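One chain comes next, on its own, written out as structure tokens in the form predicted alone.
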Amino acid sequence: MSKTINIGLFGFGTVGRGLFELLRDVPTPNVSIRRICVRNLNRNRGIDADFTDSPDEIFNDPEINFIVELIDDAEASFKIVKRALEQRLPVVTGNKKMLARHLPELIALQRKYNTTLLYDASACGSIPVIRNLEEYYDNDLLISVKGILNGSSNFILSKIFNEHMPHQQALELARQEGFLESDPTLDLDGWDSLFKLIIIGVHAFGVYVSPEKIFNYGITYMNDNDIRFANEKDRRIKLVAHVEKLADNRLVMCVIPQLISRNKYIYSVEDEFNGVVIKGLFYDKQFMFGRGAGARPTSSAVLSDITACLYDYRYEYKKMRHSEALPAFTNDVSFRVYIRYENPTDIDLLQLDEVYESYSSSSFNYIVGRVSLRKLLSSRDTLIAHKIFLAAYPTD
């Protein structure tokens, strides 16, 4: 592409403003924002920039040769990115929900129009996990990718466990710091982590799995009893996303709170930071760590994607080329879980394969047992309706 990038920017929220300020404060040669498309032109944003509320004014501007999409509406985001690719305009997006639902179509559009789409900023904030999976881990030695992919929920959990902050106060502090999505359930219920995990799965193992097939559960129903249980076991609760290729070439994916022991890398990942553990056959474990939420970390990742296009970088989706050898997604695996419930009948909802430990009192009931991902997925709505909290509980 041209060695001068004139950006048409969609969205001026936390990350959009962060990108504008980053380019203003740290000038980047050959990169500038020409025009910004927003929903409300009447809002005073306190900056001198060319705003519009018409996407056509962006797409019909002959000086604009690059699109950056940073809005939180997934369907509107898809329309923008699709139109950019069809007009052969390179595009960067940070919308992980849109990517998780439309990635196969977007990959096909990139190939059809020979146009670049980059989205490292969508997966782990400042950690370049996608580009590393594409370039360094571009072979079949990879076994698993596991970690904390949502800085907002991790910030809340850190305040609760380290500073004994009440759950609601920690939530409000995360909101004030600009870490939460406009819809906080995306962070707290594990959806944000799920969307990122789907994107990572494509680049790690060449397999796309739609969101509806993957079990995800969050920390919304965690309470003081669960925190006390974790402390008594010398563990911390972390919201963990996990994709793993099993020995029989099956692929497992899930997002679930975990009771993490001190000997795990992600035990000490605090505040809005993300931590990703990549495991391979011969290189064992490698750990990537960085800020996963906030304007500056995410906008710096967006800028990295933009400047990569100056050198004609694009994702090659190398793993997807070998369709006959790709692992098959499955939910037919089981693992140990901690389940805290209110009514004795609640525990019958899951039909545990085994029970290892249980406790019941007038104010606190829990059970530790083994359950399959398939059962968890089929019972998810019921678990939510009964406000049950559960967490994976590894033996080590």
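Only a predicted model underlies this, so the values are computations on that prediction, with no experimental measurement involved. Note that residue numbering begins at 1 and tracks the sequence as displayed.
Absent from the display: the form predicted in complex with a further copy of the same chain. The rest refers to it.
Contact check for residue 242: every heavy atom lies farther than 4.5 Å from a further copy of the same chain in the predicted complex. Contact check for residue 247: no non-hydrogen atom falls within 4.5 Å of a further copy of the same chain in the predicted complex. a further copy of the same chain is not drawn, but in the predicted complex it has no heavy atom within 4.5 Å of residue 184. a further copy of the same chain is not shown here, and in the predicted complex it never comes within 4.5 Å of any heavy atom of residue 206. By the 4.5 Å heavy atom rule, the three marked residues 146, 339 and 384 all fail to count as contacting a further copy of the same chain in the predicted complex.
Residue-level contacts in the predicted complex: of 285, 175, 233, 83, one residue has a heavy atom within 4.5 Å of a further copy of the same chain, and it is 285.
For the options 223, 307, 169, 261, the residue carrying a heavy atom within 4.5 angstroms of a further copy of the same chain in the predicted complex is 307.
The stretch in contact with a further copy of the same chain in the predicted complex, judged by heavy atoms within 4.5 Å, is 307-315, chosen from 89-97, 150-158, 307-315, 196-204.
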